[in-house]
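Have a look below at one chain only, the form predicted alone, in structure tokens format.
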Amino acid sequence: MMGFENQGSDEAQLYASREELESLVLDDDDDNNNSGNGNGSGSNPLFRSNGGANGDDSQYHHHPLSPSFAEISTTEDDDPLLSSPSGYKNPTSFNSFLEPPSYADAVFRSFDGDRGKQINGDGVVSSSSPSSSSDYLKISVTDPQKEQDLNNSLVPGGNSFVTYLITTWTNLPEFNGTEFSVRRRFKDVVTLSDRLSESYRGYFIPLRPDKSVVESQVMQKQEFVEQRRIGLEKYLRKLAAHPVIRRSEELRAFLQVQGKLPLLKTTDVASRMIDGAVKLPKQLFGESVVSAAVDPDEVVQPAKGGRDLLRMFKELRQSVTNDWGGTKPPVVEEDKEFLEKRKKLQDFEQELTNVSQQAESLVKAQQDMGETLGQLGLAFVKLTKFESEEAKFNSQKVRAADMKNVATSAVKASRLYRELNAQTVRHLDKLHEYLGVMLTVNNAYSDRSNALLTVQTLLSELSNLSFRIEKLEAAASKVFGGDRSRVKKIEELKETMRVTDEAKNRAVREYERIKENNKMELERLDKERHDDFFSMLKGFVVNQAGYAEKMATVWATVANETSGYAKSS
């Protein structure tokens, strides 16, 4: 949304007049002292090919707060409190208006000086090297390769897909080894995501990347594959950062088991719907009413999966009754603390959306300011050239030199604004990230609501069965010697009630488990949100102040150089 796709053409326009500017040099004495800081383009991660083993290039993805021109890095020898902060490396070409360094080639330092830390694919600050005394799980996604689907293709070469090399480094005891690699396709990631959603209901499970069918048709194939690689890497790193998911058997199998992903096809929605459709007639018209009872093993999963269409219809009816019926459901959500937190998080999400939109506006404004100052500098360069060529008196030459100083300062300020914008994106990106977190929170709440609905439905079913049994027993008692058909029906209903009661007990336990998972995740979210927002605000404020001071120095210098005009007037 706030991307800088046209930046290359803008810079070409800004520094286009090469022949006109050959004799012009910008003085940049105050930055020359930093030219030997060793942050040249040779060590710039932006020059690495995609698919490096470390996968650090995953941070260069596009979203509403992500520009495409700079990488943020911090160095251990840079202390903004002890020395003048260096906003950018000063290559020799910076002294010439003809060949300014590309903004994409610059490695910018941060004024907040996160020593020995780097930004990983999730935008999370992490240590540059894992500590041997702490658990770690690092994942990179590289080397996309096109392969043919020989099993499902009627025509040779008709179906193809892309696989990615997923490399893992870990010291977790759940894994067999410390470094291993597998190849997976996007379909495997979908299976993993669905299986995690089934097994870890109530947890704030990170969302997998979308299938993006439309984007795959619109974008260039190579660009689409690279964007998907970045998205998959970010997703897997988020899973690896989750304190529970990182130790799951599902994730271990995905990352370590060679060959075809060894996960059950329980998440195939199409297969579920087919099985449910086959099962439905037997449930409705079977010889025994027991066949219509809910399987106790199935109630730990939401009905919308499709395995039991009859159960899905019953829960839909219960949901309508809860919303529109005049009677109170047999059980309701009574955790007042949870209800209060849910309401606060809903309000937080709304405020977060507003702040994120304003952050986008700030990024756009800083971008525009940087570009405008650059264009102003070019305009003064052209004016300086004109004055120099037409100068006949010393006063005209002096005026031309002063205009050159103004041009120099405008270009310096333009560069500083772009550096500041990169730092602003780096820190305020946390807002965008938490919008995604709120989606996972809502999914966990849906797990809780679905589990409660299952309990309500089974309780209503038990009440209905009990009423039917009482009615049949009353009718059978009026017949001398008993009514055998009614007695048989009563026995079947009692068996159905026993199975349903067992299912209800399982559903209650599942609901309580999800509630406990919600509670733990909310506590984790509160702590992480405090830490993340403190770090975000600190970094944002420190960089705004640091770059403002540096820009003030630039303009103070040119003001001092042109102070003679004020004295003469």
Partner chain sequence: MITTQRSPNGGSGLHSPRSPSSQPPFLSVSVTDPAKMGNGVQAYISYKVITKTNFPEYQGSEKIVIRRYSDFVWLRDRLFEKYKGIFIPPLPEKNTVEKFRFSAEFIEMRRQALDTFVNRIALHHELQQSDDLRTFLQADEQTMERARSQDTGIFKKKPSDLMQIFWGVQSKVTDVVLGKEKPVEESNPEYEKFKKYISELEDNLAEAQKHAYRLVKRHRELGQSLADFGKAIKLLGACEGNALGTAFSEVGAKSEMLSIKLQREAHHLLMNFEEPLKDYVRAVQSIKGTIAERANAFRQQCELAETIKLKEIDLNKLRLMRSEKMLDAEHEYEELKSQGEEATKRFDTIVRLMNEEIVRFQDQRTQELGRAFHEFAKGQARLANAIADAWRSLIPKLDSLSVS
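This structure is a prediction, so every number in the text was calculated from the model and none was measured. Numbering follows the first chain given and starts at 1.
Note that the form predicted in complex with the partner chain isn't included here; everything after this is about it.
Contact with the partner chain in the predicted complex, defined as any heavy atom within 4.5 Å, is confined among 201 to 209, 447 to 455, 382 to 390, 460 to 468 to 382 to 390. Using a 4.5 Å heavy atom cutoff, none of V190, S193 and I245 lies near the partner chain in the predicted complex. Taking a 4.5 Å heavy atom cutoff to the partner chain in the predicted complex, the contact residue among N354, N442, Q222, N159 is N354. None of D429, E250, E226, D402 but one reaches within 4.5 angstroms of the partner chain in the predicted complex through a heavy atom, and that residue is D402. Contact annotation for V141: none of its heavy atoms lies within 4.5 Å of the partner chain in the predicted complex. Mapping the unseen interface onto this chain, V542 counts among the residues with a heavy atom inside 4.5 Å of the partner chain in the predicted complex. Within this chain, Y164 is remote from the site of the partner chain in the predicted complex, having no heavy atom within 4.5 Å.
Using a 4.5 angstroms threshold between heavy atoms, Q258 stays clear of the partner chain in the predicted complex. Applying a 4.5 Å heavy atom cutoff to the partner chain in the predicted complex picks out K344, D347, F348, E351, L352, N354, V355, Q358, A359, S361, L362, A365, Q366, D368, M369, T372, L373, Q375, L376 from 343 to 377, in order along the sequence.
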